[in-house]
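Just the one chain here, laid out as structure tokens, in the form predicted on its own.
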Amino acid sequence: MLQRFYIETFGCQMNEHDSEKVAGLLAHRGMVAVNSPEEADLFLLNTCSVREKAAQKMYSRLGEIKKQKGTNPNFLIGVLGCVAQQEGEALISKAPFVDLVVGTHMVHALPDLLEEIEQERGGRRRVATDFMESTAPVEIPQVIRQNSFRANITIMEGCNKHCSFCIVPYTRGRERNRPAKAVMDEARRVVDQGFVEILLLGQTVNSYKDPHNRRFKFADLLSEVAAIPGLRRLRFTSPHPREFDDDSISVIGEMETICNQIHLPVQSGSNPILKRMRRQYTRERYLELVDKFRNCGRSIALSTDIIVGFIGEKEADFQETLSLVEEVQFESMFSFKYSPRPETEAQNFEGDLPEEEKTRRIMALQRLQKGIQLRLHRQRYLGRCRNVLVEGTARDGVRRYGRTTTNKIVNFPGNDQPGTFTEVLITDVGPNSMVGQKLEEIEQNQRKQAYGTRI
């Protein structure tokens, strides 16, 4: 019988939380998580297919893991997630040493699939990539959370937008919303367990509607979760600009439990490209939304996603993107070179740009954004105190690091435990992170100096 498992996760927070659910299912089956593939009877790779390189990375990693089959004939390899959904039976053809392929809708069936494989040792492999007909995701209560202070909570899955470049509707299916009661029950439970931050998850998270009461929308859910006694911080990802309404913006402006950092993916600053991407908003509508967040009652740090080199993107279109970035002044950005994805509408578009031109454009964009971030960090953070949620040991192995409510990483001396809060004076900034000193220690040093002077 399979006894030990190891899960490796590629991709977004949704994938990370799916892996937490899988770990819970396997533990409920009596299996134990181990710290490396070499210790495991079962290796599961939870995959992402949003970018072409992610799928290539998956096959490369599978090739490395394949070697363990030679030393342990009972070792099983499984692939989960978006690439599993996308590839299906073809994945087995490309990597015949894989024993199990489980799509995004069938994670709950994993224990039964493993049981079938064990009963037919050496028999046929299992591929489960059907989409569920249910309007709500299958509830998986056995979640083993990998973070001791931040709880990921799925509120919806799938996407109905069908942006021309995006594979998500084909790998995650149509939108399926969890009942508000199930979300609230889970949120209250994790706060009772000591979690101080909640991250609400969904492919188009702000399109949420309670399947039992369609008038109960994202703004209502945000408001109720944010009001849970004991919750210190609430975040959500990933929203779509089209789905932000005035009610949601009002709730974000009013409730300080909701972190004042909003991810607002724009993808392009050019109207012709936005139309070709099927983003369902214009540059002007996006900038109106930015203004609403700027005037919602408190300071909001905006982040974004941008794709450069989309098919048909002329130099003038790219310059429109640069000018939008200059105008908005995003505090952070994820930028990507366009790569065609299977099944998407854009895969059939003609006129893909040369790779060298995509590289030139993304380097220009990143250079611009780096300068903006450094300038904003100096203006808004340097010399100021910020409340930091401690996350762990910094990369230097000596200091601690944590995040502000605006999602900025701050490194500082100390021995604070993960999940605790501390006030930090920002003493130095870079474009991507900051350095600080605990306010408590500064005050202690000042008292010591004053005492020494009096003596």
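Note that residue numbering follows the sequence shown and begins at 1. Owing to the predicted nature of the structure, the values given are computational and were not obtained by experimental measurement.
Just so you know, the form predicted in complex with a small molecule exists too; it's not on screen, but the next bit is about it.
Only one segment in the set 133-141, 301-309, 214-222, 190-198 has residues whose heavy atoms sit within 4.5 Å of the small molecule in the predicted bound form; it is 301-309. For the candidate set Arg126, Arg233, Arg341, Arg176, a heavy atom within 4.5 Å of the small molecule in the predicted bound form is found for exactly one residue, namely Arg341. Taking Gln261, Gln366, Ser238, Thr257 one by one, only a single residue has any non-hydrogen atom within 4.5 Å of the small molecule in the predicted bound form, and it is Ser238.
At a distance threshold of 4.5 angstroms between non-hydrogen atoms, Phe165 is in contact with the small molecule in the predicted bound form. By the criterion of a heavy atom within 4.5 Å, Phe97 is excluded from the residues contacting the small molecule in the predicted bound form. Taking the partner from the other structure, the small molecule in the predicted bound form has no heavy atom within 4.5 Å of any heavy atom of Arg283. Although the partner is absent here, Lys57 is not a contact residue: none of its heavy atoms lies within 4.5 angstroms of the small molecule in the predicted bound form. Within 4.5 Å of the small molecule in the predicted bound form, a heavy atom is found for not a single one of Phe5, Gly78 and Val107.
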